[in-house]
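Just one chain follows, in the form predicted alone, and it is written as structure tokens.
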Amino acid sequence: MSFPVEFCVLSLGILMLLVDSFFPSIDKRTLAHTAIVWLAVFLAATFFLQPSPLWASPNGFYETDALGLFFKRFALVSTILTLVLAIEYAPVVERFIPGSRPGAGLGEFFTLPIFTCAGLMWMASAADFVMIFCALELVTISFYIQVAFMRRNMASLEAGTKYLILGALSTGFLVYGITWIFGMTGQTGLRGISTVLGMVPQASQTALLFGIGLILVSLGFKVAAAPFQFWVPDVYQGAPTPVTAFLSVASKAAGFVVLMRVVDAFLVAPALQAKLVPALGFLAGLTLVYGNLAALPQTNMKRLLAYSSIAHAGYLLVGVASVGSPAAGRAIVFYLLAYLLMTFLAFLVLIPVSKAAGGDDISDFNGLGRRAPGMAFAMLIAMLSLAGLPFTVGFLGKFFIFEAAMRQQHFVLVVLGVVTVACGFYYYLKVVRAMYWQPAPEDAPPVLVSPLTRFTAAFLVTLILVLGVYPKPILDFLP
């Protein structure tokens, strides 16, 4: 039974708020370290759980299947890494949070990802549109607060405002889509909708496309798919860096698990499948082209990673468009796992470099290979894996996605994918060029890195390289 894990995470968040309120003099970093330990305990506990239908309603309101359990672990790992980033980023937050005492605001900054994690875990098991909506709103509202958290930073406030307005718009699309589908089928559960579709006339099945289209627009916003990606660069650049990493990885993964469940429910109707698969293929191709081409001229590291996030959403959408292949689901899950490792590694290096340089431009990495060889090597591995170089986990992620697409004969998407991978080598290697070929500024301050960040970076580097050569253990574990 895995349902109580979310309540454990939620209780941890509430307890952290209470401790922060009643013990204001406590070092807030202690809260973050304690949360990391407890989240690790919850993560370990999930490996003793088995998928069980005990908490699932007859129409599949809440699925405790292997896929949901895997993404609960994914959310826990993402939150642990976000807290590691937040501890490193804490001095920056303190500068932009007005307070009468040292550390004011840090308790909430460390606690909000815990509540987001609970929402992500509910999203992982949500198999009913009502449950999907409630979990999605818990995640989204907590992200609204986190993006605009640094109240004295105009970029953060601007990013929060844009995210709030566009997020509310996408929520409207979701609600209207759910309403349309409920009106056509009388069901909100994905399992119930799948059953009813077999008894619905083909003309009525076609009418469902309007509701499905509205839901795809909303989920396209959540996963940063083109043409619904316009919020991503500004929000990613303006948000606190740990929040950017969390939003880029965990929110995207939760959006894709919901998208996989929704698409799987509607593909049972041939009339819907004939229209839905080409639409997903079109979104995938558009996202691939836009994300990679827009990343080429970027000079700011966070904006580059933002457009990179859009590009990686395109590769994942290629997998979603290939859901008819038995390998598609595992390819998507493996790619998301690879994306977690390499993206968090990039942000782990970005935070100490930006703290030292006072900015997050690519030029701030000039000479990093001589100033901080360990951090430069970690960023090198992250960039090569994001680009898809062989013997890294990023290469295998793309390989599995393209294999699933080939089995479904999506040859155009595969060609687009290969061409855009070549584009990725150009803009990712700009960072490598800055670190190893550009001279460091004469007055460049030292890059100071905490032991926890060093250990986490080394651990992620090891996983990227080991899983890039020998992925069998993780493949056997995937749902």
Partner chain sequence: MSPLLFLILVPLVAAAFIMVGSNARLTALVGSATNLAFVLILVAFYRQGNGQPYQFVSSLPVIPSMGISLTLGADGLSLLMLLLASLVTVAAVAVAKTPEKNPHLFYASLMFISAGGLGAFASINLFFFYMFHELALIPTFLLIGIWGSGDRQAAAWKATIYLALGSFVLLLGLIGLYLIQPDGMRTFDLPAIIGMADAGLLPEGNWIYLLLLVGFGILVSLFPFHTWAPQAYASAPAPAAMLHAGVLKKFGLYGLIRIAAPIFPDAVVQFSNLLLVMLVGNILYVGYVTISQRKLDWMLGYSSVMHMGYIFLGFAALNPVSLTGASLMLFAHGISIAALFALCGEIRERTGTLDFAELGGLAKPMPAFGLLFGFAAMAAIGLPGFVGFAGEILVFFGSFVAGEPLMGVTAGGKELFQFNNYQIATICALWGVVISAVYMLRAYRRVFFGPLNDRWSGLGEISGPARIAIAVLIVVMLVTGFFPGLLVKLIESSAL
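Remember, it's a predicted structure, so these values are computed and weren't measured experimentally. Numbering follows the first chain given and starts at 1.
Just so it is clear, the following notes concern the form predicted in complex with the partner chain, a form of the same protein that is not shown.
- Message: Since the partner isn't included here, can you check whether the partner chain sits close to all of M406, P471 and L475 in the predicted complex (heavy atom within 4.5 Å for each)?
- Response: All three within 4.5 Å in the predicted complex.
- Item | 4.5 Å heavy atom contact, A422 to the partner chain in the predicted complex | Heavy-atom contact with the partner chain at 4.5 Å: present for A422.
- Is there a non-hydrogen atom of A32 within 4.5 angstroms of a non-hydrogen atom of the partner chain in the predicted complex? No - in the predicted complex, heavy atoms of A32 and the partner chain never come within 4.5 Å of each other.
- Query: So, in the predicted complex, is S450 in contact with the partner chain at a 4.5 angstroms heavy atom limit?
  - Reply: Outside the cut-off, so no.
- Proximity of F48 to the partner chain in the predicted complex, heavy atoms at 4.5 Å: So F48 does not count as contacting the partner chain.
- Pick from 281-289, 391-399, 77-85, 348-356: which stretch has non-hydrogen atoms within 4.5 Å of the partner chain in the predicted complex? In short, 391-399.
- Query: Considering L429, A40, A66, A444, which brings a non-hydrogen atom within 4.5 Å of the partner chain in the predicted complex?
  - Reply: That would be L429.
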